[in-house]
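The chain below stands alone and is given as structure tokens, in the form predicted alone.
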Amino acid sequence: MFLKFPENFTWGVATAAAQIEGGAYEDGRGLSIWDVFAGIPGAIKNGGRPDKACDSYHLVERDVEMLRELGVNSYRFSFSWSRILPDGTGKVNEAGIAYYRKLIELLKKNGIKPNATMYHWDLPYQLQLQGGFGNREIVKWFTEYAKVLLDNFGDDVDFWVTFNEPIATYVGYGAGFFAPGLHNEKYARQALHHLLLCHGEAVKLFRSYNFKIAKIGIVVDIWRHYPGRPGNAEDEKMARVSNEIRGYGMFLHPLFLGGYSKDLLAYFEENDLMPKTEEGDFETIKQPLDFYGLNFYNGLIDNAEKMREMQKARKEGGNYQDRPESHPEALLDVLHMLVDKYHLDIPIYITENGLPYDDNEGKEANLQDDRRIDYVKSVLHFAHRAVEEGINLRGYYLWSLMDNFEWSAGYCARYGLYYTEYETEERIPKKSAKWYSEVTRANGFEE
């Protein structure tokens, strides 16, 4: 059976500046928190660093050529704040502006719509030294940065995204395994409030330009948790906390419903974590958007008993592999939840979805990546079903164009359609690249 998607459906791939660009110390770019974090012993698997990454800073023509080979009609990338404003504020780095202008011009020349993220986790280190997102001044700093981007690229970008996966800031400030590597939940909760304010002010600024083409939205990932044993108090609580206290609920509620949820407010009060707010904050955060970006990878089943077994195995030095089983069917549930619970009445794009191969599996296994193809097919099956059920789903972006620096996993997790030879920076198309190029050109696929 051939699954045909709606006419004008967007097919794309996604990347992020810190993960592919490299050129970390060239042409006036400043340090980011990931440049510094990667230098901490043990912070990144196998000691990987983003200094060179995929060297896209120098190989941008080849990257756009790959996009053309794939037949995609949109490319999702991010700006490096440190390449635009090396100190986070102040003097603009014209070499950075020139790099992104070249990328956008190449995309336009090839009929590929730019989907540009303002912030994909790589805060300028100079701003982190001043408190980063924990300092309310970040709202002014981010708005200044957003203005530089909009002044220079404005209507040349079809889709603007303010933030990608804000939860990374929570993880980096509160859990320690993302940059900048802090373990302070109170600070993290305050930082998230300021981040949402940055988003709201950037949207307000965007509206003042009255662009004819450009649209603006935000990307929030949803890993929806479900109780493994419905009715079991422990499992039910695990799922609720994962969704509402430490997951998507802490963003979607203020963005689309207004204010923080009752569950989250109760958690703040019980644990002395209430962020400092000012009058009008939640009105600023809840700005009307043109689209919503959903990063979806899996649904997760919570079982308290199995979790204890897993933790015990880890403590005892066991080789417990906690890779979650695949639940692509959760996509359909998530999409309906966005409409039914959060009342989204704007277009939705799946802005990230993919499957990693471990570098240890070897080059040949990575190139013959049937497992990735089967996984993406299963996700697209439910995406197509969602469209049939009336969900306003307008596009799909596969993560990622090529193997790259996968944050704390370093270069061990390979998500790319193209295999990256990091010694030579050669990009080699995988089996999935050929398959995806057939999907994009046919606007669908054979199940």
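Each residue number is its position in the shown sequence, starting from 1. Just so you know, these numbers come straight off a predicted model, no measurement behind them.
Another form, the form predicted together with a small molecule, is not on view; read the next lines as being about it.
The three marked residues, N164, E352 and W407, each reach the small molecule in the predicted bound form, with a heavy atom inside 4.5 Å.
The partner is not drawn, yet in the predicted bound form one stretch among 154-162, 299-307, 116-124, 138-146 has residues with heavy atoms inside 4.5 Å of the small molecule: 116-124.
Within this chain, Q19 lines the site of the small molecule in the predicted bound form, having a heavy atom no more than 4.5 Å away.
Proximity of W34 to the small molecule in the predicted bound form falls outside the 4.5 Å heavy atom cutoff. In the predicted bound form, the small molecule sits within 4.5 Å of a heavy atom of W399. Interface membership of Y415, defined by any non-hydrogen atom within 4.5 Å of the small molecule in the predicted bound form, is confirmed. Distance criterion of 4.5 Å from any heavy atom to the small molecule in the predicted bound form singles out N295 from the list Q287, N366, N73, N295.
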